[in-house]
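One chain follows as structure tokens, the form predicted alone.
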């Protein structure tokens, strides 16, 4: 009996052999090889290994967080149409449990990643290059040149000296937040919150497969509102700590929302591509229909428009205000140089082309074209994560200006870390797929989802 016929007759929607049943083993093997590549690169080039790993960590963490948000929304709205696709999102959501151990390489490389770890001695580090004795002028520049003999006359500082002093003073002001102990405590809170939320919703859903208890749906629905607040706060602060912290003198009050919107776009793309593959291989042939993909396509299109709105808002407000501490982020990415080309690629590939392509109802209902659009969005998500992390390597480590052609240097460690982190994460996700039905068969709204039609 074929996998498809078993699914149709038995109604349990389980994997019955085939490539998906052993996919977790392939992913685990790839993860081991990738992390081995990271370890080899770390021994010879620890600075680049740290940035490459953070990039890969960000790519897959955002997919897991976006999947968690998708599950939360389904319970918040008591959605019926999405029941048959929710379990796939739950698998990617529960993979968040693996990111706590995967965070260890980020901790090992934090001194290469985060300049604030080298703040002055009174806050537990050293920032020897920044003058910190004597008075300061109106903008934090040194008022006297007592520390520099030779090349500078009394009371005369170079522009580099002034910038270092301002940078040092800003870090001093932020030291109560940017210090190791508090940073570690916040990271522990983030992983504990994500793990607890992911496991709670996953456990309720999978337990319902056998018990058919409607109370589990009610329990998840009641948990969803406070969970959404926790999700929003932890995602925002994690983005501030791990991504904005790469340039600790830069700030943006909208960065957390941008990270959130990109996470949801990536999760929707992964959900579409994964369910299409499972559908083509049998288990979801009858459960996920064109009607479901039409709505998934709407969500992909809508959240991508939201991402574009938030991204432009951040850029426009910073450009309009022209505050030096705010413009550094875009100066490194929009100044005349190789990173400007990446920025233009994101504008074109992450918004302009998908906006035109995914707008049509016909595209959303033609699965081959929808999969093409989703794949493109996933690729652009990877590019955006690279764009968010790697310019800081050129500036903080290589000390190159954005205009220097060498500031954009792809490295084999980028791919190794992507394979390593992705392999471990997907191994957990795919292994969970072999343990439970691919559809929440105990959900009381399943029958309505199976009969769902778009009008």
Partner chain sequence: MSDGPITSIGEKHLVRPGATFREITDSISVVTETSAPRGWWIAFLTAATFLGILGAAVGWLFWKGVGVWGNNSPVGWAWDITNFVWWVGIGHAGTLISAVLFLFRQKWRTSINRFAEAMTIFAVICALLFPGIHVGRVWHAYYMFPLPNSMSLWPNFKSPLLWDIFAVGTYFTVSLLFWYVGLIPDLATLRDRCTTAAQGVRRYVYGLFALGWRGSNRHWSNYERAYMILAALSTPLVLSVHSVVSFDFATSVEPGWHTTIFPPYFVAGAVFSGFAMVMSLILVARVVYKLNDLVTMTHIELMNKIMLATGSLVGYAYAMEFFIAWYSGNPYERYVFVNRALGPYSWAYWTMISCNVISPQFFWFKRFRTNIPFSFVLSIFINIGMWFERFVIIVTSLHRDFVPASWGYFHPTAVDIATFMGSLGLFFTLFLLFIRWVPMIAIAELKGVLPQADPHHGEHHGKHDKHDKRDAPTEGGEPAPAATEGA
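Residue numbers count along the first chain shown, from 1. None of the values given here were measured: they were computed from a predicted structure.
We do not show the form predicted in complex with its partner chain, though everything after this point is about it.
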* Structure fact -> Assert contact residue (its partner chain, in the model of the complex, non-hydrogen atom within 4.5 Å, options 218, 108, 383, 273) equals 218
* Asked: Among 199, 357, 237, 103, which has any heavy atom within 4.5 Å of its partner chain in the model of the complex?
  -> 237
* With its partner chain left out here, work out from 370-378, 199-207, 92-100, 76-84 which stretch has heavy atoms within 4.5 Å of it in the model of the complex. => 76-84
* Asked: For this chain shown on its own, do 250, 298 and 365 all sit within 4.5 Å of its partner chain in the model of the complex, going by heavy atoms?
  -> yes
* To do: May I ask you to state whether residue 18 is within 4.5 Å of its partner chain in the model of the complex, using heavy atom distances?
  => no
* Asked: How about residue 352: is it within 4.5 Å of its partner chain in the model of the complex, going by heavy atoms?
  -> no
* 4.5 angstroms heavy atom contact with its partner chain in the model of the complex for residue 184 -> no
* **its partner chain contact in the model of the complex: residue 314, any heavy atom under 4.5 Å** => yes
* Structure fact -> Contacts from 212-233 to its partner chain in the model of the complex (any heavy atom within 4.5 Å), listed N to C, are 214, 217, 218, 225, 226, 229, 232, 233
